[in-house]
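Alright, here's a single protein chain in two forms, structure 1 and structure 2, each given by itself as structure tokens.
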Structure 1
Amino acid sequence: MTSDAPSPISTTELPAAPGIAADQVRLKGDGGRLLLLLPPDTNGNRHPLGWHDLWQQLKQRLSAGERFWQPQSVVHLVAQDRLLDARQLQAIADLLGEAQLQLQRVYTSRRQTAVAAVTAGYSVEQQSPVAHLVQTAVEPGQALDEPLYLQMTLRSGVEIRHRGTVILLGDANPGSSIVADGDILVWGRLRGLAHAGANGNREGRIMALHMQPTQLRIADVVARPPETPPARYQPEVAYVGADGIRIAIATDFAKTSLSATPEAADL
């Protein structure tokens, strides 16, 4: 792979860009407090997230992103229309407690959840379900979520999905996958599958210190790694060029691609 001519690697078109699952737990900073956003229970999703998966996801988020918050930050739980009983609320509060966070307020549109939260001694704000319906109506033109910062080893079998950019400090092992609507940055070895711009955005980029993926996808374009692996790995950037996914050496990428007008004509 030479620096001046980024080499194309074998590419094929994906039949259809798989949509990002809307169901995932998110943590969001919001003016000194932290919002814990739970995915809606009934959003027309074919597979609404079960409590167990939700619990695992939250655990993963909390163990992977401790740089985002100060200890003893206040957390507001946005449960939307998800039904939570007292035991589940307590489980969430305990998990947050382990990460030195304090659950203080619960936003919900379900009466039972509100009752459970009040009984457990949290402030409650009940939102009408109508407001939620209005929100989903404007969803199509949605902006990307704020970047997801992870500090961990992504092991085989783990899949990270995020409606925004994913930054991973650590390795992505073979068998893992990262699917992001934005860019994917791996400060480590990328050996699994990476899918940037998963909502169809061909401007997505995949960057890694050590680019050795099982497969790269950007929007609807797929690329396999070359049959003969390079002798030496260095930081590289994958992007969509005129004829599929191209890979450039990171230090030259700014010169060759960022200054030139983006090759977006084929969009």
Structure 2
Amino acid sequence: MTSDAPSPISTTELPAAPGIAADQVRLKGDGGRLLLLLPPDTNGNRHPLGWHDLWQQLKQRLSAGERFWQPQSVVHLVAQDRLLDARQLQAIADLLGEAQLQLQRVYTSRRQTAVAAVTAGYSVEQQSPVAHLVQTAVEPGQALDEPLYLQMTLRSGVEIRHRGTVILLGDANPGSSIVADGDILVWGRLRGLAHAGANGNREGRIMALHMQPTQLRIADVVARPPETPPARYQPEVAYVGADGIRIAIATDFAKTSLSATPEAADL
């Protein structure tokens, strides 16, 4: 798992291979990555490809023609606005596995698809349905996406990226990563990496019932956990203070955050 942002993906810059229309399933090499691009489900497409036809096309792409990928290559599924449930994602992963490919990350503008992918253990980047897959910086003052609610345990190797606030009801295990342009709230144990205000907003906050991260980031400010963990855990809030990231007890922070600097301790 890495906390570095994946390279931008723009479907508009990915022309279809000869003989393959842009509204069909495509496999595309892009900067050393292998992309599996699904055609849009809506977005003005008068005759969107149904699941059965999509499935058949994928089988044909994987079994026909000259393969340009190496065995065990990692696949980034660009689902766009396709609504995919857990069964369909598993079917795609199984089919890729038969071709010695590994599904790792899902790009989607659909909340249901994002939740299904995270639940299945894949890294997810939920993107704006307007911006689609052109990853650009959020302009100051631009509204964030609606919060992403997840109820699960984030396993090691799973990364969540969202242009809004991420609310996790469950634990984030070591090796997991949450990157949000808004706040991050973990109603459980935070033991992975958390990066709030990823669009550069130092007002972002990270809250957890049990704060034991491998790393905290707010905007461009980074903090690592103390060598000696606290003797007792309680709900805490991480925020950017005058000298870097600080952590306050949640109840203290709530009482004082709007009027004065809360009593806090260095991380």
Partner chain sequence: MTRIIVITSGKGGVGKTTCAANLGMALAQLDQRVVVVDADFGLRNLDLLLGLENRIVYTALDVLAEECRLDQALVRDKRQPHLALLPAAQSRSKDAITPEQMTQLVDSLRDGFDYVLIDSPAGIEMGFKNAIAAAKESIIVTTPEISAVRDADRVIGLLEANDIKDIRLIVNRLKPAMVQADQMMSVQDVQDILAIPLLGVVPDDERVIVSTNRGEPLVLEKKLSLAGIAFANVARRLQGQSIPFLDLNAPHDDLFSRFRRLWRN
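Keep in mind the model is a prediction, meaning the values are calculated, not measured. Reference numbering: structure 1, starting with residue 1. The term rigid core refers to the maximal set of C-alpha atoms that superpose within 1.5 Å between the two forms.
Enquirer: Only one of structures 1 and 2 is the form predicted on its own; identify it.
Expert: Looking at both copies of the chain, structure 2 is the one that matches the description.
Enquirer: For residue 105, does the CA position differ by 2 Å or more between structures 1 and 2 when the superposition is done on the rigid core?
Expert: Yes.
Enquirer: Compare the position of the CA of residue 171 between structures 1 and 2 after a rigid core fit and state whether the shift reaches 2 Å.
Expert: Stays below the 2 Å threshold, so no.
Enquirer: Core superposed first: is there a CA shift of 2 Å or greater at residue 229 between structures 1 and 2?
Expert: Residue 229 C-alpha, core-superposed: shift of less than 2 Å.
Enquirer: Look at the Cα of residue 80 between structures 1 and 2 with the rigid core superposed and state its shift in Å.
Expert: Displacement of the alpha carbon, after core fit: 7.3 Å.
Enquirer: Could you check how much the CA of residue 34 shifts between structures 1 and 2 after a rigid core fit, in angstrom?
Expert: Its alpha carbon moves by 29.7 Å.
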